[in-house]
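Starting off, we have a lone chain in the form predicted on its own, written out as structure tokens.
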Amino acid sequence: MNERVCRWGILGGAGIARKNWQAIRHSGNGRLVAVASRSQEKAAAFIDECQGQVAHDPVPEAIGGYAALLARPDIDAVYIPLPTGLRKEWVLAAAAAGKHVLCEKPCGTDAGEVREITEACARAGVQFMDGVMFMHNDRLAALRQELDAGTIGTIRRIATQFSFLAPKEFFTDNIRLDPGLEPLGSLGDLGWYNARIILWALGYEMPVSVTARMIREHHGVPVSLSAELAFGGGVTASLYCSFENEHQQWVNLSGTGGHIQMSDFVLPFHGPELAFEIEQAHFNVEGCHFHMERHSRRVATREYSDSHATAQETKLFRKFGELVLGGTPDPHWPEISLKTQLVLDACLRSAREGCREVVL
């Protein structure tokens, strides 16, 4: 392995791979060596389009076929943005080839698949991580400091929503509603983030039970779903994920001494800083006077939202590169991928069984 940089390959030309083409370029410790598609022509077209906007030097090589890329000795790690229905096959192949794996989410169609691929990576001694970018920004570290300091007291309730209003053609043309390629639909595409932020906030404690409602499906694929999660000690959380509501991506953490609101926890609003609001309202009654006083504080971190060396997608690839170059895989990352998938499995099972409570 080159000791100075992590040498990357990309399997597939999904839209998100264009964003991460740039993230590898900005990472500082990574170099994109090759991109593979089902044909060399498709890989070359992807490279030409991306290279025209964000240039790599040297230009990455176009490879026909994913297996050919995995066979190359000059690649240390692969980024796999392939559809969920194809991920297990190629993560297992990458691990067998000794490649470290950064995988888009959801990492499998169910927890059984995720367990199989994370165990394969562990046996092969390679790092596995999912592509949740917000895990790597500075804002999340600042939020953890506030929670650990007891700023809002003891967390009692977490609520989160991730949704966007899909156009009409989405329901006929987009693979996110293809039951063979993306069987988890909005739950996998959006709900993964909802579940992750809830688990993260609670130190990866697993819920005791889950109750979910399937609001709408399309050919057996979740379009809109809501769920209620119950944790030990009376803590509760809710999530809502949907392809048929306006673009929202917020989380609210409510405690005994205030609450924290983050309005853009997945894809930060464009700009040079990321922020959240702390609210510690006071309600005072003085005879006939009822006062609800607002006491708020804004916490911001200086980092760009996207397309920058400080952006969260860049930090994701930089962190992964550090783990690869360090030579010792961190088991934390595959563990939280599996926990996230277990929560999604419980949500789907409950929703499919008429909102029946599922005990984990």
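Each residue number is its position in the shown sequence, starting from 1. Model, not experiment: these values are computed from the prediction.
Note that the form predicted in complex with another copy of the chain isn't included here; everything after this is about it.
Item checked: The unique member of E89, E244, E273, D178 whose heavy atoms fall within 4.5 Å of another copy of the chain in the model of the complex -> The option sitting close enough to the partner is E244.
Next item on the list: Identify, from the list I80, V210, I75, L187, the residue with a heavy atom within 4.5 Å of another copy of the chain in the model of the complex.
Entry: Contact with another copy of the chain in the model of the complex is made by V210 alone.
Note to self: Counting any heavy atom within 4.5 Å as contact, can you tell me which stretch out of 110-118, 196-204, 245-253, 92-100 lines another copy of the chain in the model of the complex?
What the structure shows: In short, 245-253.
Note to self: Taking another copy of the chain in the model of the complex, would G15, C50 and H259 all count as contacting it (heavy atom within 4.5 Å)?
What the structure shows: Each of the three qualifies.
Check: Is there a non-hydrogen atom of K19 within 4.5 angstroms of a non-hydrogen atom of another copy of the chain in the model of the complex?
Finding: The answer is yes: K19 has a heavy atom within 4.5 Å of another copy of the chain.
Next item on the list: With heavy atoms only and a cut-off of 4.5 Å, decide whether I215 touches another copy of the chain in the model of the complex.
Entry: Within the cut-off, so yes.
Note to self: Test of understanding: in the model of the complex, would P167 fall inside 4.5 Å of another copy of the chain by heavy atoms?
What the structure shows: P167 lies outside the contact set for another copy of the chain.
Item checked: Close approach of R144 to another copy of the chain in the model of the complex, 4.5 Å, heavy atom -> Close contact is absent here: in the model of the complex, R144 is far from another copy of the chain, nothing within 4.5 Å, heavy atoms only.
Margin query: Where, within 65-91, is there a heavy atom within 4.5 Å of another copy of the chain in the model of the complex? Residue list please.
Written below: Stretch hits: zero.
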